[in-house]
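Quick heads-up: it's one chain on its own, the form predicted on its own, in structure tokens.
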Amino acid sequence: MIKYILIFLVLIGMAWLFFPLVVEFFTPDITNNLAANYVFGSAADLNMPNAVTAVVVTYRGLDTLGEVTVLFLATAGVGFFLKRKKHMEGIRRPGSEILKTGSEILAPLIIIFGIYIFTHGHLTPGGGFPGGVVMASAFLLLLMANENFGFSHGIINLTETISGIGYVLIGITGLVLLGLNHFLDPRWLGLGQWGRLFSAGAVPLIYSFIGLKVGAEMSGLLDSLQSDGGEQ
């Protein structure tokens, strides 16, 4: 009985916190000065249709670098604590025939879709983080379907290292070629033609590196969870 009372009180508290947000929510008719600079600057300065990508990758690129770093530290910490001991090696249960057959068909398509998401993040909704997670979901499907499937940790570490170094090097290139206030400024590569894949300067490269890094980190984390999640 006490448990239900506590749950009820928590729900009441959450409703009290969110009620003003629901009642006072409104859609502004015009953007403020900062938002207007972001929206119009993405087209005028960066030749990029997706204003969200312009904010995430360029205008607030240092925040994105911090998010990638936090994700790396989180996955590294989880992987460390879930590190499998030799005498505690788990036994995986084999997946069903339907799951195995479906994974062989769907996994390549999911990987391609993930690549599409982060390579087209400057043109359409998406980007490096969702693209990387989508790619990792394909590897999760393979892990669930095949008890003998495993990751090459050398390839994962190499992909993660190259993508991280590439991301930082692109930021440093902006500093060297454009000035001290241009970290992760993509315009050093040329803005290209509006709406084309190879446009918006180095943004497609930045998002590709982010997508590969996120995908590698999440795949390594899934492998660690799968290795320690079997029956003892």
Partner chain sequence: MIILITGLLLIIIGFWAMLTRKNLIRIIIGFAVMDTGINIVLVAIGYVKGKTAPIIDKAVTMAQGAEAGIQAVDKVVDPVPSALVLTAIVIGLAVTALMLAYAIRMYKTGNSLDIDDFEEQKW
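Owing to the predicted nature of the structure, the values given are computational and were not obtained by experimental measurement. Residue numbers count along the first chain shown, from 1. Here, rigid core means the biggest group of C-alpha atoms that superpose within 1.5 Å across both forms.
Keep in mind the form predicted together with its partner chain is missing from the figure; the text below concerns it.
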Answer yes if any heavy atom of G102 is within 4.5 Å of a heavy atom of its partner chain in the predicted complex; otherwise answer no.
-> no
Find out whether any non-hydrogen atom of N47 is located within 4.5 angstroms of its partner chain in the predicted complex, and reply yes or no.
-> yes
Though only this chain appears here, would G114 touch its partner chain in the predicted complex if you measure heavy atom gaps against 4.5 Å?
-> no
Contact test in the predicted complex: A216 vs its partner chain, heavy atoms, 4.5 Å | no
Using heavy atoms only and a 4.5 Å cut-off, decide whether all three of F25, P130 and V133 touch its partner chain in the predicted complex.
-> yes
Stretch 1-28: residues contacting its partner chain in the predicted complex, 4.5 Å heavy atom cut-off | K3, I7, V10, L11, M14, A15, F18, L21, V22, F25, T27, P28
Taking the rigid core as the superposition reference, indicate whether the CA of G66 shifts 2 angstroms or more between the shown form and the other one.
-> no
